[in-house]
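One chain follows as structure tokens, the form predicted alone.
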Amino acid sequence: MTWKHWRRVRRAVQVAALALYLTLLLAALHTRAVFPLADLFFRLDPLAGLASMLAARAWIPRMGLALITVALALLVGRVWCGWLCPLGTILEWVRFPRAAARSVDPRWRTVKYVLLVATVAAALLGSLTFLVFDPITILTRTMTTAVLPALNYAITAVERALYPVEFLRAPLYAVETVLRGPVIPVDQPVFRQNVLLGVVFVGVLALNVFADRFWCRYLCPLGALLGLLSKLSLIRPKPDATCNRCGVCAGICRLEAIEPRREYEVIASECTVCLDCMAGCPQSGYGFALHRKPAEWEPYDPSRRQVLASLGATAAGVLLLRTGAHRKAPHPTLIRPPGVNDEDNFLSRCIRCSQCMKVCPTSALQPALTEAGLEGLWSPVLVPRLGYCDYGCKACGDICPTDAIPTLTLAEKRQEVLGLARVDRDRCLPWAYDTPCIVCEEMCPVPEKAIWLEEAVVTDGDGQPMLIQRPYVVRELCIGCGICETKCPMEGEAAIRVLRA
């Protein structure tokens, strides 16, 4: 096959990889049978694997598949970036005319190495905060909190608008049967910060205005890690004896990974093996060659001084975070998923992948903003007013790729205490307004009922005595699942709230 045919193969692999990513993303919403594969792309992510293992001080078997990506990089370079990464594929498809200007200083490539050093250094100190910059994390978080909820809402709105047209009802029903469940959720998911997270993702795409695949070139810490490994790759693109130095390849390369000043040498750490140079060369002067020596260091590759400065700044930052006020006085609404009993251990394993939020059937798990300080940014917290921890569900622990949320049996999960419910007697209908309401007691899933009712005689509007039942929480029985707060009929803040135990 010619290089043009191989380039078509690459594009087919890109489409297949993105389709697989989306399939696993959607399938995990509706069936637990795919959980062993639902986090496949995170398992193949060497940055997430390296950082989580360093932070946890332990080998995490589920992340061992990342060694496949490492092996590919050591063999043929950044194949992951050019063939498999779903975010890289999307960024390759998003093109702007101005990107051809190539006006960005190459020294900006150093930024991705700074982020890589910061991520690894923070992981050594037990913090995974910088994994918010991991490309698979960025894409999954955006799909979970912004894209899929918006898609579901849009489809539902269109169906409602068209349903009154009688002859459209049958096809709408057919479409609904196909989409509802397998593709879009039955219930509308709701996430706070969805606009913020969506804007961050749009910003990543918009950076392509300045240069093609700007994120991949200048900011991606995973790309930086694979770039360093690619310097050791055995097989790399190289111009051969037929090359007449016409410069076509340098003009074609979207990542500026070909250096004209060095006889059109391919920069191994920047090349994503896209094959564009080979397919576009009029002389067929490019091919793969075996290299026994590491690629030379580039001017924008990290210097010893830059590495030491990044290490020092990261260490200082992590130490400051660890001595913040949130450590001594945790926020009362900081409620973690079931089984998470040690905050330090949790933060040293949570890679902010949002997988748990994706599979939570009630949208109870939300990305944290300030509850856990900057150190816990976008890690999962339970927000009972938006959703409750389903008594019959343990999906978050099943899908967590790093065991930050432990895998529990359903019986074990039902014994986990997440928080403690408290009745606000100044807002509760029976307590404050002598209005009958026992919703919280009815909803409580604990077999013995953690909410009991106290009977009292009050005077109704006609001045007649009336028996009313007032709820109160039995502390020893409450597991803090939050369904009482979710279902409380009071507008605004619930009259019963679950707070940190």
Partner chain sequence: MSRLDRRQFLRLAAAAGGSAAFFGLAGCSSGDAAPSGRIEAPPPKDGQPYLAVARGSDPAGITRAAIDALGGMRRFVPKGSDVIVKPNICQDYHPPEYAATTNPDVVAELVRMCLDVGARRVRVMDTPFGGTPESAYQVSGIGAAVEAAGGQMEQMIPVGFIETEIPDGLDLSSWEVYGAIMEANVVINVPIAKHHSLARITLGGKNLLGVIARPPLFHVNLGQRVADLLSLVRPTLNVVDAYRILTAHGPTGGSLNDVVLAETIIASHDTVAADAYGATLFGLTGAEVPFIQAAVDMGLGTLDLGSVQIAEVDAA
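Take the two forms, find the largest set of C-alpha atoms that superpose within 1.5 Å, and that set is the rigid core. Positions refer to the first chain, counted from 1. This one's a predicted model, so the numbers in the text were calculated from it and none came from an experiment.
One more form of this protein, predicted in complex with its partner chain, exists but is not displayed; see below.
Here the chain stands alone, but in the predicted complex its contact with its partner chain, taken as any heavy atom within 4.5 Å, falls in 175 to 183 among 340 to 348, 208 to 216, 175 to 183, 107 to 115. In the predicted complex, none of the heavy atoms of Asp460 sits within 4.5 Å of a heavy atom of its partner chain.
When contacts are judged by a 4.5 Å heavy atom cut-off, Leu429 counts as touching its partner chain in the predicted complex. Contact check for Cys478: every heavy atom lies farther than 4.5 Å from its partner chain in the predicted complex. Under a 4.5 angstroms non-hydrogen atom cutoff, its partner chain in the predicted complex has Tyr388 among its neighbouring residues. Only one of Ala56, Leu65, Met443, Val473 lies close to its partner chain in the predicted complex, with a heavy atom inside 4.5 Å, and it is Met443. Listed residues Gly392, Pro299, Pro97, Pro282 were compared with its partner chain in the predicted complex; Gly392 is the one with a heavy atom within 4.5 Å.
For the three marked residues, Tyr163, Arg169 and Leu453, a heavy atom of each sits within 4.5 Å of its partner chain in the predicted complex. Within 4.5 angstroms of its partner chain in the predicted complex, the stretch 319 to 354 places no non-hydrogen atom at all.
Taking 2 Å as the criterion, Gly181 counts as shifted between this form and the one not shown: its C-alpha moves by at least this amount when the rigid core is aligned.
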